[in-house]
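Only one chain is included here, represented as structure tokens and corresponding to the form predicted on its own.
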């Protein structure tokens, strides 16, 4: 009998091979951009994506998305709605499952608990049930309150970013996980976590209470893997890069597609690995993003 624990470290190319056209993919915060770029590199289509902001807009611009489940489509920098998202929504190129943060968490929790729905107060008395007919208004049989029934949101796979993990998939965040990541992890059939560093199992066992996700299905070693976003304890957000993308997304939505095509080619399609992407960004730029 083999009692040896399974080692779970794979590279981002192998992790991306787990993804298929038509899947439901949940993407955590901060965004695991090394894995998101692999989605684009593989040319996946017809995805249902649970995500928000820049990375959601990027996947839409790349033609990967059929349906969006999102609580936030803004991009910061004075952009209330990301341009590629708005453009695709207005043309009917994507289906949008409208929700707010609490509804999203309730749907993920319903999936995690194998329930047909979970009740939620948020959205009662608003137009959300009209905009999203999957949300059903009902009367609580115990207290007679009016509530929303939120159906399960079931990802095939969750893609997350964290600080560290050991080879057995025990993940630790610095300063706690992204607020929605644990909901995604519990709901998804499989979870891939990219990390800044792989640490020893002895380090994990020395402070086990820091473990936020036990035994993730796969760990991808990806230093600077959240770029252009932040990673707590390692680097801050690259606002210059994000402003550049936001400008290109605005051009793309206005029909000027050359800049977005060049961006996708330069940063997503041409570099075969995350290491090649980091070379494209440049060591000086990366080191300038120090946290303190």
Partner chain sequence: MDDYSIPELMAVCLARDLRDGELLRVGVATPVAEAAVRLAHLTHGPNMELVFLGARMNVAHLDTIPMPAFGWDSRAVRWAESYSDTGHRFDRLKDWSNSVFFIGGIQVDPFGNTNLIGVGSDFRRLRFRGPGSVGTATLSTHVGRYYIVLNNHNRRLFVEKCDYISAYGWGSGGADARSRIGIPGGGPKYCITPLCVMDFAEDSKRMRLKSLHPGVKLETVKQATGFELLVPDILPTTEPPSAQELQILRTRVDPSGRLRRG
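Residue numbers count along the first chain shown, from 1. Here the structure is a predicted model, which means the values were calculated and not measured.
Just so it is clear, the following notes concern the form predicted together with its partner chain, a form of the same protein that is not shown.
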Item checked: Location of its partner chain contact in the model of the complex, chosen stretch of 218-226, 113-121, 155-163, 190-198 [non-hydrogen atom, 4.5 Å] -> 113-121
Next item on the list: State yes only if every one of 17, 43 and 69 has a non-hydrogen atom within 4.5 Å of its partner chain in the model of the complex; otherwise state no.
Entry: no
Check: Is the gap between residue 177 and its partner chain in the model of the complex 4.5 Å or less for some heavy atom pair?
Finding: yes
Margin query: So, residue 185 and its partner chain: in the model of the complex, are they within 4.5 Å at any heavy atom pair?
Written below: no
Note to self: Does any part of residue 74 reach within 4.5 Å of its partner chain in the model of the complex? Heavy atoms only, please.
What the structure shows: yes
Notebook entry, point to check: So, in the model of the complex, is residue 267 in contact with its partner chain at a 4.5 angstroms heavy atom limit?
Noted result: no
Checklist line | Partner contacts for 221-255, taking its partner chain in the model of the complex and a 4.5 Å heavy atom cut-off | finding: 229, 230, 232, 236, 237, 239
